[in-house]
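We begin with a single chain expressed as structure tokens, specifically the form predicted alone.
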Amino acid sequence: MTTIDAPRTPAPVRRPRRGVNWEKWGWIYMRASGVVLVVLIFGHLFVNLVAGEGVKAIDFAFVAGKWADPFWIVWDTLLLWLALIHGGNGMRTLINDYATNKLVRTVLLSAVAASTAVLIILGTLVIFTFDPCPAASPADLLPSFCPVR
């Protein structure tokens, strides 16, 4: 039989939790990164599709010219990092909500964390090591805008 406490019964004293509340910070990150991502994505789409000649102008030379400017390197790196972490955090939330088996949840969370980390590392490596005119390449394989060496 369940009894209900009298209305004026004091609530039990709860000890405050210690440590970082990761769920709260994940929630805050999703909201903040979402706002920044909207700006980054629409800026990216505007520059790539509207300001120039449209999608037909996007080729190797377009990317090389864009990444010659440090501003666009930072812009695209920020877009990459925020989008991947935002997506990984969203997947983490879904897994925590729907994976009831502890082992399955651990495997899925590990897979999401690993794939997010690998994609961030590879994407950042591509952005920062991109060289449209590598020194040891044959001249006939280089794009037309590269100086002949």
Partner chain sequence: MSDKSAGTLAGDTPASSTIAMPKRPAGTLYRGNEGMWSWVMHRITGVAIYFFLLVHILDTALVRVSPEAYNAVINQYKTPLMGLGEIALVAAIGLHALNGLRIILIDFWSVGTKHQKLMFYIVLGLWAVLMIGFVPRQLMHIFGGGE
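Positions refer to the first chain, counted from 1. Fair warning: this is a prediction, and the values are worked out from it, not measured in the lab.
Below, we refer to the form predicted in complex with its partner chain, which is not included among the displayed structures.
Candidate site formed by 59, 116 and 141: every one of these residues places a non-hydrogen atom within 4.5 angstroms of its partner chain in the predicted complex.
Contact annotation for residue 103: none of its heavy atoms lies within 4.5 Å of its partner chain in the predicted complex.
Of the heavy atoms in residue 130, some are within 4.5 Å of its partner chain in the predicted complex. Its partner chain is not drawn, but in the predicted complex it has a heavy atom within 4.5 Å of residue 137. Of the heavy atoms in residue 55, some are within 4.5 Å of its partner chain in the predicted complex. Heavy atoms closer than or equal to 4.5 Å to its partner chain in the predicted complex belong, across 24 to 55, to the residues 27, 31, 35, 38, 41, 42, 44, 45, 49, 50, 51, 52, 53, 54, 55, ordered by sequence position.
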